[in-house]
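Shown next as C-alpha cells: one chain only, the form predicted on its own.
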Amino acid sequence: MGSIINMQRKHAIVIGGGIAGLCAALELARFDIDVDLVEKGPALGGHARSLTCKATDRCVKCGACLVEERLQAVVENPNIKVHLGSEIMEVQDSGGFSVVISNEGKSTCSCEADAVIIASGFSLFRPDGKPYGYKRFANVLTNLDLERMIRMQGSVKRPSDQREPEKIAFIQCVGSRDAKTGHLWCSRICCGAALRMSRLIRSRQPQVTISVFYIDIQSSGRDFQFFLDGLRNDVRLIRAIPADVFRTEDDRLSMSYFDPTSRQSKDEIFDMIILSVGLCPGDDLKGLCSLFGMKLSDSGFVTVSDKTEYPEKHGVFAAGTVLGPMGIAESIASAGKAVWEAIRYLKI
C-alpha cells in the first residue's frame, strides 16, 4: 500500500504588517498556506509606508514604492486574513501553536498555527533627551518627520512659519553608535536615506543648501560610491558630530560643532535641522520573544543560531528588522529566507 498523503492545509501566523511581514505573508500564501497576519497598528505598511519616493531624474532604488504594491496584494489575497489593531496575548506550544489574538483589548479570537514568523519591526530612537532641541524647537525634525512632510506636500517648509528654508543640516547617528545610550550598532540605512533625501530636496528646491554631519558614511547598494561622488558638489559633507543647538531671536537655529578643516569650534546658523534617528528593537519584541520562548541578544534584537540565520526555536522564524537594522530590500530578502526555512520545517 502506498503512503498516505496528508492533504490538510498548513496554517501560519505572521506577526507584523510592515514590509517584511507583508512579504512573508504573500510568500506563504503562494504555497497555499493559510495565513493570519497580525498587526498591532491601525493600518498595514509599518514605518516604510511613511517613506517618500526619492527618485529625481531616475529611480534611486529607495524601495518606498514597494510597500503599497505588497500591501495591495496582501489585501486581495484570499489565503491571508488580516487582524488590525491586534496583538498576541497567549501562546501554547504543543507541537503546533495555539494562539490567542486580542483586538484592541475589546475582543479575542483563537487560532492554530503550524509555524510562526515574527516580523514585528523596529522602534525609532527618541531624541528628546539629546541637546538638539527636538520637541522644543519646531524646526528640528527627525528623518521620518521629513519623509512624511515631503510625501504629503512635495517640498520642505519650516513648520514654524511655513517658509522655505535656505539652509538645512542633517545630523547622522542620533541614537546609533552611541555608548551613552547603549546603542553601539550602526543603523545602516540612515546615511543612504539622508543623502538621497538631500538630492531630492536639491532637485526640487535648488536654493536650499544642505550640510550633512556624520561619523563616517556607510555605503548602501552597488552604485553607492558613484552616487556619493556625484553628490559632493551639491551637498556639504562634514565629518563631525554637533554639540548643541540653540534657537536664535529671529527663529533660526544656531549649532555648535568642531570643524575638522580649521580644527576649531564653530557656530553656524541653519533654518532647519534633521535628526537621522537610529533603529532600535521594537517596543513589543521582548514580550513576543518571551511568549514564544525565544532569546534576545545583548542589543535587544532576536538571537539567531550559529548554524542558521534563524532562531533556535522549532516552528518559529524571524524576518526583517527584528534581527537587526536593515533597509527595505534587505527586509524583503530576509522575509523570503524566513519563509523558505518555514517551508522546509513544514516539509511542503
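Counting begins at 1, following the sequence as shown. Just so it is clear, the model here is predicted, and its values are computed rather than measured.
Here the subject shifts to the form predicted together with a small molecule, a form of this protein not shown in this document.
Taking the partner from elsewhere, Glu147 is found to have a heavy atom lying within 4.5 Å of the small molecule in the predicted bound form. Contact between Arg70 and the small molecule in the predicted bound form is not found at the 4.5 Å heavy atom cutoff. Among residues of the shown chain, Ala138 is not one whose heavy atoms approach the small molecule to within 4.5 Å in the predicted bound form. Shown alone here, Arg196 lies within 4.5 Å of the small molecule in the predicted bound form, counting heavy atoms only. Residues of just one listed stretch (162 to 170, 232 to 240, 250 to 258, 119 to 127) have heavy atoms within 4.5 Å of the small molecule in the predicted bound form: 119 to 127. Among the residues Met294, Ile33, Ala48, Leu26, the one placing a heavy atom within 4.5 Å of the small molecule in the predicted bound form is Ala48. With respect to the small molecule in the predicted bound form, the three residues Val38, Asp284 and Leu288 uniformly fall within 4.5 angstroms at the level of their nearest heavy atom.
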